[in-house]
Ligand SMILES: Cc1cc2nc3c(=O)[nH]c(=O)nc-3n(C[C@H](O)[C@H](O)[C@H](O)COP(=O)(O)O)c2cc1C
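In structure tokens, the next block holds one chain alone, the form predicted alone.
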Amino acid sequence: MLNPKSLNLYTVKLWLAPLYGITHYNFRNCFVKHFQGIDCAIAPFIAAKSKTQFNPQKYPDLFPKNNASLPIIPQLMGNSPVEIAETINVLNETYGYEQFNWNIGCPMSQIVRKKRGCGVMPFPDLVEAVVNEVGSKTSTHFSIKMRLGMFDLKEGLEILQRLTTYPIDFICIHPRLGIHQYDGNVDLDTFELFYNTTPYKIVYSGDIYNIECFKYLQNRFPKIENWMLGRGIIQNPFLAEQIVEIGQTNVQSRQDTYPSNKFRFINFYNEYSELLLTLRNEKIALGALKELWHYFSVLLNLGTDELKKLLQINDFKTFHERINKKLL
């Protein structure tokens, strides 16, 4: 086990990405109980609404009592400057949050077709209007999570140029276009253009799956100190610890995370499974676990056919027994 105090010696700051349907507060709290290295998280997005329609009590993911283990930044989804500013003010007044993130990077078609998420990026006037409204009608810090563009990198460059006069806290950039979803490789050459263009602090987000990838990115973009881990840390829950250890001396790197740390993973998985059952019925809990096993299968080196057979199980008890056999 790492010495918790040693984590403060490394200047890198690691963020847990907002994976909708996965990284809610129950998962976050259980995760940081068993694994180290994550400094903060952006919470999965909630829809911005007018102050007369927005009820903060409907969002337990943002309750302060549910986030004592890990600092979070609420993330908003929307395209109305007034609704975004009013939602921020309600959450600030109700729960005291002073930092907010706006998602204009989600590439999912059901989001984009509503002119939300990455669907906002072709409209720089709208982006500027939101930032201006938030700056003039709220007293909080504001940041943006974006991509290189929806259809063209010119969209992202136009947005960065428009925002240079506004007090943006940071910009989190995923180096793909929205039309590419999560397919293919990240476009680091274009990202480098963004990196050299914007004066804002950048949080890098995208395809950090292992130590070698992180080292390459860190060497290529030395000014970046903030790194977001998403699918990579779900596939390998020890990834943040491995990254932290790069900055340590006399610490053996944890490249052999499995099976040497097998029992830490087992303890985490069993605790989280039991937690899901206390909160949801077996059918819903099983669906949530199956979603996770798309990622956990990488840690256990499950083949495509083996994973397919596992995901075909529709009985929670049978699924749980099959997983335990594989883990042990």
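Source: prediction; values computed, not measured. Heads up: residue numbers just count along the shown sequence, starting at 1.
Absent from the display: the form predicted together with this ligand. The rest refers to it.
Q: Whether N29, P74 and F142 jointly form a contact site for this ligand in the model of the complex is the question; each needs a heavy atom within 4.5 Å.
A: Negative, none of the three is within 4.5 Å.
Q: Quick one: find which of 54-62, 39-47, 261-269, 298-306 has residues within 4.5 Å of this ligand in the model of the complex by heavy atom distance.
A: Result of the contact check: 39-47.
Q: So in the model of the complex, does L311 come within 4.5 Å of this ligand, heavy atom to heavy atom?
A: Although this ligand is absent here, L311 would stay clear of it in the model of the complex, with no heavy atoms inside 4.5 Å.
Q: Indicate whether this ligand has at least one heavy atom within 4.5 Å of a heavy atom of Y216 in the model of the complex.
A: It does not: once this ligand is placed as it appears in the model of the complex, Y216 has no heavy atom within 4.5 Å of it.
Q: If you check in the model of the complex, is L229 within 4.5 Å of this ligand, heavy atoms only?
A: L229: contacts this ligand in the model of the complex.
Q: May I ask you to state whether F151 is within 4.5 Å of this ligand in the model of the complex, using heavy atom distances?
A: Result no; F151 lies far from this ligand in the model of the complex.
Q: Ok, N103, N79, T138, N236: which has a heavy atom sitting within 4.5 Å of this ligand in the model of the complex?
A: Checking each option against this ligand in the model of the complex, the one that comes within 4.5 Å is N103.
Q: Which residue, E245, E158, D187, D207, has a heavy atom that falls within 4.5 Å of this ligand in the model of the complex?
A: None of the other options qualify; the answer is D207.
Q: Across 146-175, which residues bring a heavy atom to within 4.5 Å of this ligand in the model of the complex?
A: Just H174.
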